[in-house]
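Single chain ahead, written as structure tokens, the form predicted alone.
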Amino acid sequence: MEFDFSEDQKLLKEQVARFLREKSPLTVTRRVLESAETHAAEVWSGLADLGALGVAVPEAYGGMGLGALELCVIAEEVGRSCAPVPFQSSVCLATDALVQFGSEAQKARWLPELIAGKIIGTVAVAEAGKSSPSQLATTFAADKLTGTKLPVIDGEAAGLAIVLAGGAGGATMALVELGDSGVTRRRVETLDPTRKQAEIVFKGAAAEPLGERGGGARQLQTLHERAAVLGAFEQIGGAEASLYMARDFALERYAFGRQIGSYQAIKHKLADAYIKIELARSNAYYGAMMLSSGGADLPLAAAAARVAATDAYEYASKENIQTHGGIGFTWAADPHMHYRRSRLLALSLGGATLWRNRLVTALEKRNAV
């Protein structure tokens, strides 16, 4: 079975890559890392001008009406540049949730603003370590939302949140404006300050259901499977950037009169990272094929892509620090920025254990057929 992106999709990838090389080098990531900025606003607005925030949104709502494959190639370049923008939260989660489950009125109201970059969206699930729909303390009743979500990635920058909350009929996804008087939030310090997180408290905040009341658990699983494939491409982009950063340093750095890249120990580190990245890429490509075709294997493909890409990014970013030696552990050097992002993305849709369990479950179901 063969799969590849079309020439048009590759051209889109090159266009986004060129923009991010020029407008979002690691100096911009560092600027957001060291400041109170929630994200690089100029990069976000530039991606909106390119149409990158709405490639998979129907034209009726101002989008380009393309599809998930276009989002995949964009996600890879966002990951490669370690761009300090809420791409996963706003595009791969909130926007996609509206496209998949929103009413016509909700789509018409929010999608044009999201894809224009005028408002940032996020999805709030976790409650201080708990993220299972059966453990929710946050409630949604009489179109009012009450409870606390912690942490919410990009929660400080977001103006719109899709909140998973419990209710009489089961978990429901609720759409809420974060400027509402019943909403308060505070910044939460985390490993990756380039994607500012927040604790959000709802005290009778006005909200409306997104999709079927009581269908939140099923919707969340679908949304996370789709986002896992897109996230795998973002992780692969970051892993590849980490590998190339380590390779370039190994070719420039000399020890005992030789390039450190000539030593077997360094060669093996880089080779292992390359193998993990290519394994992740093959799984991500299968995930992209299932995502674009609506294939029944999406749960299996998404879990495999997620597990492999998480492993590849963590390994490559960690070995990038090791390859740089003592300087790699310093604040002034760049390797830690990709390591921070790798850890954030590893937890953004649920941890490694969750996705390994999903992979095993999907394989058992396939083998039982």
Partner chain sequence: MNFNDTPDEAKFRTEARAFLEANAKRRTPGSAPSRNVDRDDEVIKTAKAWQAKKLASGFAAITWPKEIGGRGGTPIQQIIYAQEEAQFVTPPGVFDIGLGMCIPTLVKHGSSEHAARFVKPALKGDEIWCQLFSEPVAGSDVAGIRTRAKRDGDNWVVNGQKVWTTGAHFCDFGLLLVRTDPDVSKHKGLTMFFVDMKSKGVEARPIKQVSGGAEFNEVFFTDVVIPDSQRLGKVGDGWTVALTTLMNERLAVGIATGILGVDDFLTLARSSDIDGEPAIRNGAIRDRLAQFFVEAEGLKYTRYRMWTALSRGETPGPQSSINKVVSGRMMQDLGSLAMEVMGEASLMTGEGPGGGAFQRQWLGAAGFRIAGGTDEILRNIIAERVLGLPSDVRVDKDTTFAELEAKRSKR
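Worth saying up front: this structure is predicted, and the values here are computed from it rather than measured. Positions refer to the first chain, counted from 1.
Although it is not shown, the form predicted in complex with its partner chain is what the next lines describe.
**Student:** Which single stretch, out of 334-342, 304-312, 53-61, 39-47, brings residue heavy atoms within 4.5 Å of its partner chain in the model of the complex?
**Tutor:** Going through the listed ranges, the match is 304-312.
**Student:** Pick from 321, 68, 300, 33: which has a non-hydrogen atom within 4.5 Å of its partner chain in the model of the complex?
**Tutor:** None of the others qualify; the residue that does is 300.
**Student:** Counting non-hydrogen atoms within 4.5 angstroms of its partner chain in the model of the complex, say which of 126, 250, 111, 119 makes the cut.
**Tutor:** Only one listed residue qualifies here, and that residue is 250.
**Student:** Would residue 101 sit within 4.5 Å of its partner chain in the model of the complex, counting heavy atoms only?
**Tutor:** Residue 101: no contact with its partner chain in the model of the complex.
**Student:** At 4.5 Å between heavy atoms, is residue 220 in contact with its partner chain in the model of the complex?
**Tutor:** Residue-level check for residue 220: no, no contact with its partner chain.
**Student:** Although the partner isn't part of this model, could you tell me whether residue 184 comes within 4.5 Å of its partner chain in the model of the complex, counting any heavy atom of the residue?
**Tutor:** No, no contact at 4.5 Å.
**Student:** Is there a heavy atom of residue 199 no more than 4.5 Å from a heavy atom of its partner chain in the model of the complex?
**Tutor:** No, residue 199 sits far enough from its partner chain in the model of the complex that none of its heavy atoms falls within 4.5 Å.
**Student:** What residues of 244-283, in sequence order, lie within 4.5 Å of its partner chain in the model of the complex by heavy atom?
**Tutor:** The stretch touches the partner through 244, 247, 250, 251, 258, 259, 261, 262, 264, 267, 268, 270, 271, 272, 274, 275, 278, 279, 281, 282, 283.
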